[in-house]
Each structure stands twice: as C-alpha cells, then as structure tokens.
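To begin, one chain is listed below as structure tokens, in the form predicted on its own.
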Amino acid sequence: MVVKARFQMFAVVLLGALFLVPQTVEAAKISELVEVHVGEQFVRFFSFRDPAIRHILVGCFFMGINFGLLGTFVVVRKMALVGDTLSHAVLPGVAVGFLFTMSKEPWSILLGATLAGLLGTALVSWIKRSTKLKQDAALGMVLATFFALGVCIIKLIEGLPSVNKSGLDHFFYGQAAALGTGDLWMMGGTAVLACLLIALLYPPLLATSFDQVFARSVGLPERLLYHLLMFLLALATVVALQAVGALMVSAMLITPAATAYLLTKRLHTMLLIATVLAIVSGMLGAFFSFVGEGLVKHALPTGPSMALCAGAFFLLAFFFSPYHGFLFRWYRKFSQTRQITVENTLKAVYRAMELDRFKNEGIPVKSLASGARETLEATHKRLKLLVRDRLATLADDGDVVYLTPDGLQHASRVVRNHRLWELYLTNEADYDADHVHADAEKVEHILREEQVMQLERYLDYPEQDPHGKRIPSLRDTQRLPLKDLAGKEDADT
C-alpha cells in the first residue's frame, strides 16, 4: 500500500508538469497582471487563460510537493530550526550568484544559494562538534550571521551603477508573478528528484527519522541520508525563494507538515496530507495576492499570503483534529473527568448500601455528604449527574437517593474493578493492604471488561478483597436484584 502511494505521488508530479507553459513573465506584483476589478480578477484567475497565472499555479504546485515531502521529514526529525536557518543562510549565495553574471540568471543564483545553504548547515555541525554549544545556539548564530551578510551584499549591489537590480528584493518576500521558465524548470526538477529519492529510500528514511540508534545498529548510512536530505532541502529552499521569499520559506516548509502531523499517525499519510496542504496553501496565497488590490485597495505580498493560508489550515487542525485537536482533547478530558465523578459517586452510594447490608434501597444524602466530608450542595451536584444519566433517582424532597437497575449494575462493576486491583497489588506486587487504595482509585476507571475477567481468572476467582470485603462477581454486574445482594451479604456475614 505504501508503494502504491509513492507511485501515486510521482504520477501527480508528472501530471502537474503538463500545465507547464514555457513563457517568461515580467511583472512586479500578481495584481499588476490584469486590471484591478475584483469580479474580473476572480474570473480570469479561475479560467486559467493568462499564461502568467498558469506559471504561478505550476510554480505553487511544484513548490508544494517539495515543501510537503521534505517538510514532513524536517518535522518528524525535529529539525524545524534547521529549515529556518537554511532559508536565511542561502541569501548571501543569492547575492554572490548575482554578482557572477551581473543579472538574475537562475542557474548561477541556484548554484550560489545551494553552496551557501550547504555551507551554513556544515558550519552548524562544525560548531556543535567543536564547542560545548547546543544545536539551537549554533543555528541561531548562523541564521543571523548569514542573513545579515546577504542583506549587506544585496545593499551593495543596489548601489552599483549600470547594473540591472530589478527583482532582487523579491528574494526577501517572494513574488510568484516574476517566476520565469527557468525558475519553473528548476522547481519541477527538484520536485521530481525529491519524489524519486523518497520513493526509493523510504524505508531507511523512515528508520533514521524515528530511531537513529536502531538505524545505525542495523548498518543504515544515517549520516549520508541526513546530508542527502539537507542537500534536497537546500535545493527546494533555493528554487522557492523567488515565489515565497527567504523570510517565508521556513513557514511554508514547516506549517503544512506540522498540520499533517496533527491529522494522522502514519508517515506515508502525513507525506500525502502535507503535500496537498502545501500545494493548496500556495495556490490560495497566490489567489489572494492576485485579487488583493481589488479587495483591500493594496497589493498583498505573495509569500506572506501563502504563509497565512498555511497558518489558517494549521489553526483548523489545531482546534478540530480528531487526534490532537484542542477541542477534541478538551472534550475527552471533560468526558473523562465527568466519568470519574459519576463512577466515584456510584461507588460511594454502593458502599453506603453495603454498610446497610443492602436492606434499604434508598440512601440518605446527608450520610453520603458526611462520608465524603463535603457539603450537601456538593453532594447534590454530583448526584444530579447520576440522575441525568438515569443511573439514580432522588426522592421528592431530595434527601434520599435510589440507584436504578443500570446504576446498581454500573456501581457493582466499578467496585469489582477496584477490589480486584487491590487484591492483585497485594498478592502479586507485595503492596501493603493499607497502600493499595490510591492506586486502585486510578485504575478502576480505565480497566476494560476483558481485562477484568482476565485478572479474575489469574486470581482464581476471589470472593474477598485484602480488607475482607466481598468482591462483586460478574453476575453482580449484570442487573442482579437487590434482594440477592442482600442475601449474599448476610451469607458472608
């Protein structure tokens, strides 16, 4: 199934390449490509009639593949700051590549930026190995130093006479409308290379990403794979600078992968989700940049627009993800807290009935409050949860509580779990009988029925806990009539 997914991703890359139209676009802003009328911009963008728009979408498609695939490995390897450093470290390489040809020639800039990026990552590794500094400190220093060097060189270039400096500022914030044919070919080539290498090296990359010690123990070239990943990451960063900008590359690299991390527990699924999110974020960012001047009367920068769209997807996953979403985690915690409160209240009522030898169906609320050392108001609040769940009823005056058949069944189950676990800790873990109650209080709420039955068989179907109290049997948890419980209690006595 994983192999099938890899070839599907590669097929998507090839299909996307069919949209490639070899035509250079010379424009400073996406919104300058057409007249500033929102309705017309909507129509022209989604009709794909303009070659410039097709260039933008193809560029976003390839960029999304690069960032989705490589960003996933950056996130699972906990190398987010490495990606940020790399995106800033390539800037002096861009400037030096420009100085070689005195023009914005894609291949010279690619070579210079790639070398600068690799030099930056090598410098981080060297500082980490030769000093006592941690990786985050080394990354921070290299990031700031290289970026400052790049800014200074670009400012010097802007001061040179008789040099065409047009478009150099796009490497800071990105401008997808200025993508040329050479840029698209480089982005597409990098995307195909990333797909091929990940498809071929997926098992060793999976192993080294999650357990480097194990990978080295079985002979996998962990360092070689790391440097190969850094090389691909440097290439993807460099080719995306024109579209996203150095300041936003790390956002597009990390955010889609981080979003996918919240949505799945499988790496191959995470790769697919991150790639789709990166592509969609890029295209949506390009769209908002395209119509921005008509909507807000001001042109929106492309790179930040893409990063904002990626951030919006992350917020949705952060709140609504079924695995790690804030709302789902809050609901699970709320439900668990409520369940524990209900079961503890049922257990308190059961114990009060047990002290009375199950002769009376009703238990005075005052005795429950006294036993729990809490106010009547707090006890009534807990009992209302039982009433709401149809596990108990209250007398008209609210002074007496009665368990329903379902409530008695549930209470017997909780007490059974508690006392079996107490006996297990006493017999098998050498706990003192006076020290098992607190642990049993925690475990009783999470034991499943099959675990309880297995525990009961292991203990040879015991009838009493370490304190001499009767352990409810399996039949007791299956709506046993109250009179039968009273008879059992009298027989035990």
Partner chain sequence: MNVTARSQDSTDIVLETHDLTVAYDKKPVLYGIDVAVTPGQLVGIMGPNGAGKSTLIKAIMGLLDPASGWIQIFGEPNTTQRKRVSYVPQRREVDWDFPVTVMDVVLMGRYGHLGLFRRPGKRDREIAMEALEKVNMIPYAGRQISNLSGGQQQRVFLARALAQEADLYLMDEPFVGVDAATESTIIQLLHDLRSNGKTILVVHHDLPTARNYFDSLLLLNMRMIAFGPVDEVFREDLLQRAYGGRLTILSEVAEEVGEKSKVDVSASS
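All figures in this text were calculated on a predicted structure; none of them were measured in a lab. Numbering follows the first chain given and starts at 1.
Missing here is the form predicted together with its partner chain; even so, the following discussion is about that form.
Is Leu200 close enough to touch its partner chain in the model of the complex, meaning at least one heavy atom pair within 4.5 Å?
Contact with its partner chain, yes.
May I ask you to state whether Gln336 is within 4.5 Å of its partner chain in the model of the complex, using heavy atom distances?
Although its partner chain is absent here, Gln336 would stay clear of it in the model of the complex, with no heavy atoms inside 4.5 Å.
Evaluate Arg266 for contact with its partner chain in the model of the complex, applying a 4.5 angstroms cut-off between non-hydrogen atoms, and reply yes or no.
Yes, Arg266 is a contact residue.
Examine Leu160 and determine whether its closest non-hydrogen atom to its partner chain in the model of the complex is within 4.5 angstroms.
Close contact is absent here: in the model of the complex, Leu160 is far from its partner chain, nothing within 4.5 Å, heavy atoms only.
Using a 4.5 Å heavy atom cut-off, indicate which stretch of 74-82, 398-406, 352-360, 302-310 touches its partner chain in the model of the complex.
That would be stretch 74-82.
Between Gly140, Pro204, Gly182, Gly325, only one gets a heavy atom within 4.5 angstroms of its partner chain in the model of the complex; which residue is that?
Answer to the contact question: Pro204.
Report the residue, out of Trp107, Trp330, Phe100, Phe214, that has at least one non-hydrogen atom within 4.5 angstroms of its partner chain in the model of the complex.
Checking each option against its partner chain in the model of the complex, the one that comes within 4.5 Å is Phe214.
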